[in-house]
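What follows is one chain in structure tokens, specifically the form predicted on its own.
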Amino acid sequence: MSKAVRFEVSDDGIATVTWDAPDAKVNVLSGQAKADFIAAMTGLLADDAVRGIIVTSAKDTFIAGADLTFIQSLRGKPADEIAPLLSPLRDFLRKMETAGKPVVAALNGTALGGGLEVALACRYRVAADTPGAQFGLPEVTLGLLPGAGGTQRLPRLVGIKPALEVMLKGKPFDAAAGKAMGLFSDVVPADTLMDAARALIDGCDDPAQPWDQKGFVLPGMDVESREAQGFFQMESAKQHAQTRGNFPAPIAILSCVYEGCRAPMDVALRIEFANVLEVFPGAVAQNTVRTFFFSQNAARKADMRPDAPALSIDKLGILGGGTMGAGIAEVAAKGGINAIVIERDEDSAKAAFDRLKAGLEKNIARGFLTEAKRDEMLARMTFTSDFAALKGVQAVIEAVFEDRDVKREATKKALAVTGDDILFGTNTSKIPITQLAENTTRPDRFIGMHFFSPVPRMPLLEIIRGAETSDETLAHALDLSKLLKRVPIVVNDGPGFFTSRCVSTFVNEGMLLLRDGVKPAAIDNVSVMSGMPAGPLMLADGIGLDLMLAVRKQEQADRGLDGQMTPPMEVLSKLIEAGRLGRKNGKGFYEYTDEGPRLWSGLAEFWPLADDQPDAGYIARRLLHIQGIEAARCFDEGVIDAPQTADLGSVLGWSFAKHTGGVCSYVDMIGSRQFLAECEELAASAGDRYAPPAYLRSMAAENRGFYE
């Protein structure tokens, strides 16, 4: 087996250790790579002929980070079982920095996570001025914390505040920023990197790390100072407010830095390791890594793509220049695709273009966009009412008003110009794709492409197969998704598909709790504390109460129940009759004023408060369990067939409690048998909507989860 690390020793006694994982584009801290590194370095540190060591990489990057497949193998394991698996590199890095020889990290490119932690344990770090190279400790974004000494070495190197900024936000930075904060000794041209590393070894007076030298003082704020006490108190409160205590990693990072910086390094490393052993095998970290790394990356690569010729596209037609259509045009133009946007008349086309342009100007003011990029994007866009402008497009996305007749007319006009064999996607959140496909003679080339608002900031794309959608059409839709830099999930047709269907149960349940006499503040507050970004009542106001009622009426009609009102529809009707439409007119479940939203005091007159108020756990179960049940029904009905798809769709589509990893992971965290029992209890007390579907019952009977 080829080694992931090789080394050589020059005549001047300087050794070069090079990371170069065989058959891989990047270096990661796999078990084999760590063993190879430790073996090579151990020999070199013991060799009297070696006076210094340079650690570098033969790849375009230095080390991309930890082997997350290995991290996933730690799920649920006890500390005494995983400690021997995690400790070798951590222990060796401490030996390396106390061995009495200068070690220099020559960072030729990106060093993230464990890769940067290896560099932190070196006496010096010098970075190449490589365009696009990124550095940082992003572990917190995956529910983890640095586990190889990063929480201890970084604050001792750059100070507590800058270090926590890096670790708690998890945002990468470039080499110049790294030098400015004191992380790098220098940033040099790539072709002088090794010379700069050698110079650092030649000029080294003391190979011991600063924190191992007598008289070391923590840079910046003293951890024992009154300033530090206040800072940690405020930062802890801030993290609790942001995460609602649902993510353990940020609090663990704060604890590591606060406790560790008050202790000698060897004790500090043990403090960090204790937190690692608790966080890494936990469900939050494990589910976060699975969904936000593995599932999301697989979706971006379109691993589910059927085998078919690739779609070649440089010109995209978009029907409708509203919020959704303009957003699709923006991401298309940003990705280098010419966007032809069709509006109902020229005035509407001009207004849509002006709105989009104004949005780009705001992005420039915020530093998110350059003027050159704006001009490049605008040059790729055409807004017009003339359907003839669609001639020559390779695909069309219809994004007009959510009305069957409006969609039918726009579709037929577009296909009259483009021909029926073109890839035709419809952006709808509710209307069955198979029904809309009846507007074309080629239903096999018709597919749902449900974008989320605001499109430039919401990466998810729910692709919906109609009854006759072909494999080639699905493949082409995934090709277009990749060009638009979306994260796609693929589901089958059905009322509400997957995302709209599940989030509707959340909003409906909020209204049903209100009808049952539960305090409206408790409904929304418990929802947010449970990990949802907003409560169901506030979310309903944002959607628009009149729009929600119209959609639900259409859903009833589609089921053959035209005219029949459900309890949530009755709640909506009562508010609408009182002139309350939601945020759009400043009056809904909330009052919207310059001082901010406040629950409307009149709600209690419509729905009197119950004498006995339920506890927070009961409210949370009703709001979250109903979404889990609906996801199980989607499996039951063949709308969806993979928990990865459901989890990704839930966290990216409607921001389901992200600390759980998604709606299926949420059920698995509870356990199918326990979840089933709790749903049966809710069905008895709250209604048949909690009746467990067959899919959930079969899981419980076999004592397995969605992922087992």
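Quick caveat: nothing in here was measured; it's all calculated off a predicted structure. Quick note: we count residues from 1 along the sequence shown, nothing fancier.
The discussion below concerns the form predicted together with a small molecule, not included here.
- Heavy atoms within 4.5 Å of the small molecule in the predicted bound form belong, among the stretches 357 to 365, 516 to 524, 396 to 404, 283 to 291, to residues of 396 to 404.
- Within 4.5 Å of some heavy atom of the small molecule in the predicted bound form lies at least one heavy atom of G320.
- A residue is said to contact a partner when one of its heavy atoms sits within 4.5 Å of a partner heavy atom; S504 fails this definition for the small molecule in the predicted bound form, lying far away.
- Although the partner is absent here, T469 sits far enough away that none of its heavy atoms falls within 4.5 Å of the small molecule in the predicted bound form.
- Contact check for S453: a non-hydrogen atom falls within 4.5 Å of the small molecule in the predicted bound form.
- Listed residues N508, T473, Q152, N427 were compared with the small molecule in the predicted bound form; N427 is the one with a heavy atom within 4.5 Å.
- M324 is the sole member of M324, A339, L623, L269 with a non-hydrogen atom within 4.5 Å of the small molecule in the predicted bound form.
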